[in-house]
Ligand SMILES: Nc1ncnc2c1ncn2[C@@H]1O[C@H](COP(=O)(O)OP(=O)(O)OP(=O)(O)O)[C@@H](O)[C@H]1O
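A single chain, nothing else alongside it, follows as structure tokens in the form predicted alone.
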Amino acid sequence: MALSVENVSLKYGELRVLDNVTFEVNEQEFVCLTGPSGCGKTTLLKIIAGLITPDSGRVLLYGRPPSVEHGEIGFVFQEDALFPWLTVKKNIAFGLEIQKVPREEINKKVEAYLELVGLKSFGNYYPQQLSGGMRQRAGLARALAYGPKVLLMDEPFSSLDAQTRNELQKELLRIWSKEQKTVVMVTHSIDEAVFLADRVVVLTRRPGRLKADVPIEMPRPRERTEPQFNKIRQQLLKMIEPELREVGGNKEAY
């Protein structure tokens, strides 16, 4: 087991955001978190990262509390969060420089990750010179470069057009397969979750509680046109529909 979320609850003032959430993630497993808007998915991801302390419960990474400072967690945000004044190369190198990695090793790692994410020719470009998809690739390279044990992703493709999003989903699986990382990813898209994940963890409307933990028992690569794919997708949608009705959510958004 890589990650254990144990009875995690959190309130903001009188607003209860998460209530007694428990699940586990095995090493090298790809898990997607989904649920209606406002159910605490992103908050839970930040608790897993050690950025927020829960009111009760705990998160353990390989048996101890996680720490961003120790380089155990990589975080990919909804927006690329690149430093606009740094080139792609220097953005990827940033975390390694903080860790005081020798310059020769930094240069090798930067070149390796530029190639891994398909940006080998764009290392000297600035973020504003890249497309949205390319910036997300650069953000992923930066998160991976310093060797985190667990990669957390908060709807990293939500702002992209459908074609780019589908292409980057395939790229993410290729990179995940090569890097052998443990991944926990928040997504609103059931289609995305079924395409990517080994398991999908479904949260209820706020306060977020664990509603279901669904294994995706399909071999990869997966085709969205397969009957089994659509069957699993419909199963997950049926779980989420009652939660959406309570908060006025749009089923079509999932």
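In case it trips you up, residue 1 is the first one in the sequence shown, and so on. All figures in this text were calculated on a predicted structure; none of them were measured in a lab.
The next section is about a form of this same protein that is not shown, the form predicted in complex with the ligand.
Interface residue among 37, 189, 28, 228 relative to the ligand in the predicted bound form, by the heavy atom within 4.5 Å criterion: 37.
Only one of 57-65, 40-48, 213-221, 194-202 lies within 4.5 Å of the ligand in the predicted bound form by heavy atoms, and it is 40-48. Although the partner is absent here, residue 240 is not a contact residue: none of its heavy atoms lies within 4.5 angstroms of the ligand in the predicted bound form.
Although the partner is absent here, residue 155 sits close enough that one of its heavy atoms falls within 4.5 Å of the ligand in the predicted bound form. Contact between residue 21 and the ligand in the predicted bound form is not found at the 4.5 Å heavy atom cutoff. Residue contact with the ligand in the predicted bound form: residue 236 places no heavy atom within 4.5 Å of it. Residues are counted as partner-facing when one of their heavy atoms sits within 4.5 Å of the ligand in the predicted bound form; in 9-37 these are 12, 15, 17, 36, 37, in sequence order.
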